[in-house]
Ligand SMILES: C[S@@+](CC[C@H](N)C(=O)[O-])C[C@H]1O[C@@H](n2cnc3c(N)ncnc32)[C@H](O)[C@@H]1O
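One chain is shown next in structure tokens, namely the form predicted on its own.
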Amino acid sequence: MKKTEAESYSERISLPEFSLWERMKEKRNLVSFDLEITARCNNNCRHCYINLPQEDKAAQQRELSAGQINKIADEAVSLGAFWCLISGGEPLLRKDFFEIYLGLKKRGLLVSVFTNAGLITDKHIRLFKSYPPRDIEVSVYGVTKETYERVSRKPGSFNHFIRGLNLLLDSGIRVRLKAMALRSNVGELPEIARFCRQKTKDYFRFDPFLHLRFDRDTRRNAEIKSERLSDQEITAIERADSQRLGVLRDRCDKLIMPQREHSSCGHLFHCGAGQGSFTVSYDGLFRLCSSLWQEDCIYDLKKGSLGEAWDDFVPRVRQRHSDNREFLEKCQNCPIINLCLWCPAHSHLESGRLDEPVDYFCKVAHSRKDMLA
């Protein structure tokens, strides 16, 4: 049978066979990057670490233009990136979302989108069907109006969410679903899990850890902490979910890359931050990962190049050491660190320091250890 024109230029291979993985083993190659194209959101979720009001004009004025985003994408592709995540805030709030999305696709990137689905329209569906995303990940805060809007604090948001999600699912676009485990929705988590697994066969995850605010807003941080579940509640949920428990059993010893396990040193970064990806904030701040907001670990792309950030700045950040004896003795050599929520970025959000033990994280790790024993 004669091949089509497209087939003559390409062939399908499975990811485990993809030779790029072999080439990346010994090098710090760029694979992907995250673009937080806005910090604004149409909801006002109780647990959110980034959202600013939809009508925040000052935040809107600081947002990178589509042209600036294209420049970053060009540099990233030249460095080897082939996958990009568009997130926010709520990225569909951008009036130029279509221009941004198509600009990334035209550069040959696989594109994923994180959204609450509340702003999805028929026009978005036509865009995604014409230029398919790698996937679209939708947050599910509740499966009843009462629970969903208790989290979102936006009247009418549940109906908008259901309508948008159904538009995506009915179109055949690849959708992934995720949920946050919160004080405000904990009673509905089993129903949320069933809802998600019925709606999509692909993938469902929930996250029990709530990050504190990147802007260190004390009032909003207090709200986030009030939404956190206790260590015992988290492990009870994980124990009751066979899929979640299976993942913990299978991967709890693989969350830190083996080549980074040299805990006798004083290096802060033993994770994958800046090893294959980076994040850019809505106003052009380069970070090694989405959670890392410490001022000395941020590079302003409006004043420099992505190449300089990736080749020079990232290695300097990753060479940072700690001289905090409490951290070095308590955390750096902890035998259950892979069950912990601790990392330098989260430590900074919690304490203002990159190398501070966090009691809440310790409690979660020990409860997980007891659960898996």
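In this text, residue numbers run from 1 along the sequence as written. As the structure is a prediction and not an experimental result, all values here were calculated from the model.
Omitted here: the form predicted together with this ligand. The next part is about that form.
**Student:** Should F114 be counted as a contact of this ligand in the model of the complex, where contact means heavy atoms within 4.5 Å?
**Tutor:** Yes - in the model of the complex, heavy atoms of F114 and this ligand come within 4.5 Å of each other.
**Student:** Evaluate A66 for contact with this ligand in the model of the complex, applying a 4.5 angstroms cut-off between non-hydrogen atoms, and reply yes or no.
**Tutor:** Looking in the model of the complex, residue contacts with this ligand do not include A66, since no heavy atom lies within 4.5 Å.
**Student:** Can you tell me if I136 lies within 4.5 angstroms of this ligand in the model of the complex, counting non-hydrogen atoms only?
**Tutor:** No, I136 stays farther than 4.5 Å from this ligand in the model of the complex.
**Student:** Does at least one non-hydrogen atom of F286 fall within 4.5 angstroms of this ligand in the model of the complex?
**Tutor:** So F286 does not count as contacting this ligand.
**Student:** Look at the stretches 241 to 249, 173 to 181, 292 to 300, 121 to 129 and give the one with heavy atoms within 4.5 Å of this ligand in the model of the complex.
**Tutor:** Partner-contacting stretch among the options: 173 to 181.
**Student:** Select from the listed residues L30, A309, I37, C48 the one whose heavy atoms reach within 4.5 Å of this ligand in the model of the complex.
**Tutor:** Looking at L30, A309, I37, C48 one by one, just C48 meets the 4.5 Å heavy-atom criterion.
**Student:** Taking this ligand in the model of the complex as the reference, which of V186, I224, I234, L109 has a non-hydrogen atom within 4.5 Å?
**Tutor:** Contact residue from the list: I224.
**Student:** What are the residues of 209 to 224, in order along the chain, with a heavy atom within 4.5 Å of this ligand in the model of the complex?
**Tutor:** Counting only heavy atoms within 4.5 Å of this ligand in the model of the complex, the contacting residues of 209 to 224 are F209, L210, H211, I224.
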